[in-house]
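As a starting point, one isolated chain is supplied in C-alpha cells, in the form predicted alone.
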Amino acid sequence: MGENHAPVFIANLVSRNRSERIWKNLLQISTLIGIIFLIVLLLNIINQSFGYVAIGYRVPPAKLVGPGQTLENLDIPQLAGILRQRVSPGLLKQLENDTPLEQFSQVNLVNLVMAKIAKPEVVKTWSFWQSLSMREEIKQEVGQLPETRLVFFSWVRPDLVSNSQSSNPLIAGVRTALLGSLWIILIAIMVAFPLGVGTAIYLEEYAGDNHISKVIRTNINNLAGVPSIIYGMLGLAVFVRNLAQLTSGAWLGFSSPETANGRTIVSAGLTLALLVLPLIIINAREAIKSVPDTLRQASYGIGATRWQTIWHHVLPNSIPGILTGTILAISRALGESAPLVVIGASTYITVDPANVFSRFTALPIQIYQWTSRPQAEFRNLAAGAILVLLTLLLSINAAAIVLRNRYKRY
C-alpha cells in the first residue's frame, strides 16, 4: 500500500469501527428495552395474581355453629345435620344421589357447608404491591366491615385448574377452557404438521424452479402474514357452515342433523391448522434447504433413490429446524382468540368437552371474558389464568425443544 493511500485507509477503518460500535450499542439497547418490557409485563401479571382479599358471607359461619366453635371442629353428624336443615330438598337429593352425607369426609362436608350455605363472596381485592405497602391501612379498613375476614389470597391455586367456570370468582376455574385448548392444539398440529412438512419436501426436493412453483412459494409467504381473523372467517364459511354435518358429527351419529351447527372443537382445530400451516411450511423449507447438497449427492452416489435420500438423510438432518418452526406455530395457535370468536367459541360454558364434536371454549377466550367484567376480582382471576396459559405454553415448547435436541445429537 502506497504512502498516499495509508491515511485514507486508516480513516475508513476508524469510520467502520465507529459504525460498528454504534450499531452494537443500538442492538444492546433494543435488547435491553425488550427485556425490560417483558419483565414489567410479568411483574404486572404476578402483581394481580396475589394479594389481600376481603371475604364476606351471605350466612356467616359463626351463625351456623355454637359459641366458641368453628366448622372445622364439628364432626361429621353435626355437619350433615347443618346441611339437612339449611339446604333445599332438591339440592339435598342431588348431594345424596350416590352417597349419604354421613359417608362424606369431614373436609368435604365443611367445603359443602361453605359453598352451599355460607356462600363466601369477594368484597374487595388488593394487588400484591398494595398488600405489602398498605398492610395496616387494609386491615383497618376491613376491620370496620361487619362479618368480613381478610385473607392473603393466591389466585393461582390448585383448584384453578381443576374447577370449571363459575360466577363466583373464589371457586371459578379454567378446567373446561384448558381442555378445550388442548383438544384444539392437538387437532391443529396433527393436521398442519404432516401437511406442512409434506408440502415443504415437495417444494424443495421435487418441484422444479418453474413459474408455478414460484407462484406457490410466493403465496405461501403471503399467507403467513394474513391477519388471523381472516382465517376465522374462512373457517366459519367452510367448516362451520358448509361442512356443518361433518364437523358437528351428525354424519357419524354424534349429534342430530337438525341441530348441527359446526361450532365445535374440530372446526376450531382445523381453522387453527390453516392458520399455522404457512409458518410450518416456510420453516420446514428453510430447514430442508439448509441440508448440504453434498449429503444428497453422496446418497445418490451409492445408489439410493430420491425418496430414500430424503427419508434417511435429508429429514433426519432437518428435523431440528422443522421442530423449531413447529414450536413457533404452537405458540401462535395457543394464544389466538380472534378466529375462535368468529367460529363461535362459548364465553361461558361449564361442561367439559367429551369429544371433538363438543362445544368448546379456550384459555384466551376465558381470559378475555374475565378481563371484560367490571368486578376487580375477575381481573385478578384472569391474571392467574394467564399464568396457567404461560405454563402450558412453556411446557409444550419445552417438550418440543427436548425432542429437537434429541434429534440434534444423531
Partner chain sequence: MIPSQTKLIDEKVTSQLLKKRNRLGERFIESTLVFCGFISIFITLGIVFELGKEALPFFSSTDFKLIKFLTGTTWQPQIKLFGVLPLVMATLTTTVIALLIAIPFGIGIAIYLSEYASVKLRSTIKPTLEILAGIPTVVYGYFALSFVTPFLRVLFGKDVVEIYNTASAGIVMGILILPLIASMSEDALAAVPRSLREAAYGLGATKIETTYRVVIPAAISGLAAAIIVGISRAIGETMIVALAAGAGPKFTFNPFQGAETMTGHIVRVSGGDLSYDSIDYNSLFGISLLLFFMTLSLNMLSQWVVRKLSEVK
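Residue numbers count along the first chain shown, from 1. Keep in mind that this is a model prediction, so the values were computed, not measured.
Below: the form predicted in complex with its partner chain, not depicted.
J.: Taking the partner as it appears in the model of the complex, which of 83 to 91, 141 to 149, 227 to 235, 107 to 115 has residues with heavy atoms within 4.5 Å of its partner chain?
T.: That would be stretch 227 to 235.
J.: Is there a heavy atom of residue 124 lying 4.5 Å or less from a heavy atom of its partner chain in the model of the complex?
T.: Contact check for residue 124: no, nothing within 4.5 Å of its partner chain in the model of the complex.
J.: Within 4.5 Å, heavy atoms only: does residue 48 come near its partner chain in the model of the complex?
T.: Result yes; residue 48 sits at the interface with its partner chain in the model of the complex.
J.: In the model of the complex, is there a heavy atom of its partner chain that lies within 4.5 Å of any heavy atom of residue 131, even though the partner is absent here?
T.: Output for residue 131 is no: heavy atoms all beyond 4.5 Å of its partner chain.
J.: Using 4.5 Å between non-hydrogen atoms, is residue 41 touching its partner chain in the model of the complex?
T.: Contact with its partner chain, yes.
J.: Using heavy atoms only and a 4.5 Å cut-off, decide whether all three of 216, 307 and 371 touch its partner chain in the model of the complex.
T.: The answer is yes: all three residues contact the partner (heavy atom, 4.5 Å cut-off).
J.: Ok, 290, 73, 245, 221: which has a heavy atom sitting within 4.5 Å of its partner chain in the model of the complex?
T.: Checking each option against its partner chain in the model of the complex, the one that comes within 4.5 Å is 221.
J.: Using a 4.5 Å cut-off on heavy atoms, what residues in 25 to 53 are near its partner chain in the model of the complex?
T.: Result: 27, 28, 30, 31, 33, 34, 35, 37, 38, 40, 41, 44, 45, 48.
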